[in-house]
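Only one chain comes next, encoded as structure tokens, the form predicted on its own.
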């Protein structure tokens, strides 16, 4: 007897709708019935069965139409602006109705997503050129923190400043002419801070976020160095203008500025070219046309004066600032007295600063967004729990270490993040309603992924639940400035941020970015010692904050001009748990010394 071929149903909602589970619906749009159920009129002649079926179908259609008429007006009002997101959400909502409320493959919330993130994002930008900006909220179960009204107002004002003074404006052209002249100008129409892009992608994201907050606090236009593929990884964040520094910028060697550059603020202080000790600002003629801010990990004592009030007063008179950092310097800005009142108003939740800055500034370009969404739909969307594990080995000898593997498994098992596995011969009977967990591993090498995946394939779990393990890529080693490498890294950071639970590696900026985007307080794997002879115990700790750590803060009392533990000055600026001398922003109610 010839076997019936299964029907293949065309997915509705174009490319962005999640495929429905096999057997969840018939291709003719009929409602699914319980497996093995027989209709009560099964024995009736075919014509009568068809009549009863039509009558039942008409009733269902009428009910659906009533519900549709009741539901459509608010949807139309909310999405009157049109665009891609309404169609995506409506198509996905129809798919959810077919599957039922228990199916977790639906990647979005069942209410219309907040595409503007509570007012954080500006409305009206082209959705086709940057799909991620307004679609990202549809892929997050955790909606994240809401921005303060003051932050929303400040961002709209800053966008206007970027449009008025950014590249290709008369104000910018005049500022460039002034810079070329090598002379300063009194009361400049517009002021600028240029952020140099270098080192790994995580460092570049943290550096740009830090420069942006400094620009907002000091009413400066932010311009980002376009090298290292910054233009190919991120959409333009500001409406009606660009944040990319034009390639004809007159300081041709600015990307080579270093701690030895004569125009660095620290060197100008050291060489008595500038002084912040005088109560009155120096005459315009004595000010430089620009100052280079060396805030890198190797910065000197004089460079760190950047975080002092008197020095900020002096720098406010310099039209052009060029900043190099590979650090998240935001906690240091909270220690500048002149900025504190404004920062308190902008960020009443001190542990969500990077969360807001990152979601505002960094939107994956369409190519990267395709990497994110395709992988998400294929491997993560249907899981009831998504666990992200980010493995970063700073010591090459730990790239394939059984001790580090044991550290990872000890962490996820002790903290009940994943189910333990049984002995080889044992088998747990799946319990009704056992959940399905997807594990996303990101690492430069596949060794840990292969062993964790093999562990959950070779052994049953103690709870009877199913665990799938996935790793998008394994590049072997970090490669700076390679577009394809950075594109995948950016996609994997974003995928990690979509997980419900995160396990990250201490010291890693990659993990910092993921936890900040996702508004997740991670479990952090302790950094392994050089001579690792056993798995670290305890293997991990729950971080007190989702904020990144400032790895190289200043330790100086600007008023008393002496050393100071800056982790003991403010209740919301404390030492990091992974880098003991570092600083991070915390919620004082959660922090324990």
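Note that the coordinates shown come from a computational prediction; the quantities given were computed from them, not determined experimentally. Positions refer to the first chain, counted from 1.
The same protein also has a form predicted in complex with a small molecule, omitted here; what follows describes it.
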Q) Just one of 360 to 368, 392 to 400, 406 to 414, 216 to 224 has heavy atoms within 4.5 Å of the small molecule in the predicted complex; which? A) 392 to 400
Q. Exactly one of 329, 373, 136, 509 has a non-hydrogen atom within 4.5 Å of the small molecule in the predicted complex; which residue is it?
A. 509
Q) the small molecule isn't shown here, but in the predicted complex which of 185, 444, 452, 130 has a heavy atom within 4.5 Å of it? A) 444
Q.
Within 4.5 Å, heavy atoms only: does residue 473 come near the small molecule in the predicted complex?
A. yes
Q) Is residue 351 one of the residues lying within 4.5 Å of the small molecule in the predicted complex, judged by heavy atom distances? A) no
(Q) Can you tell me whether residue 488 touches the small molecule? I mean in the predicted complex, with a 4.5 angstroms heavy atom cut-off. (A) yes
Q. Is the gap between residue 437 and the small molecule in the predicted complex 4.5 Å or less for some heavy atom pair?
A. no
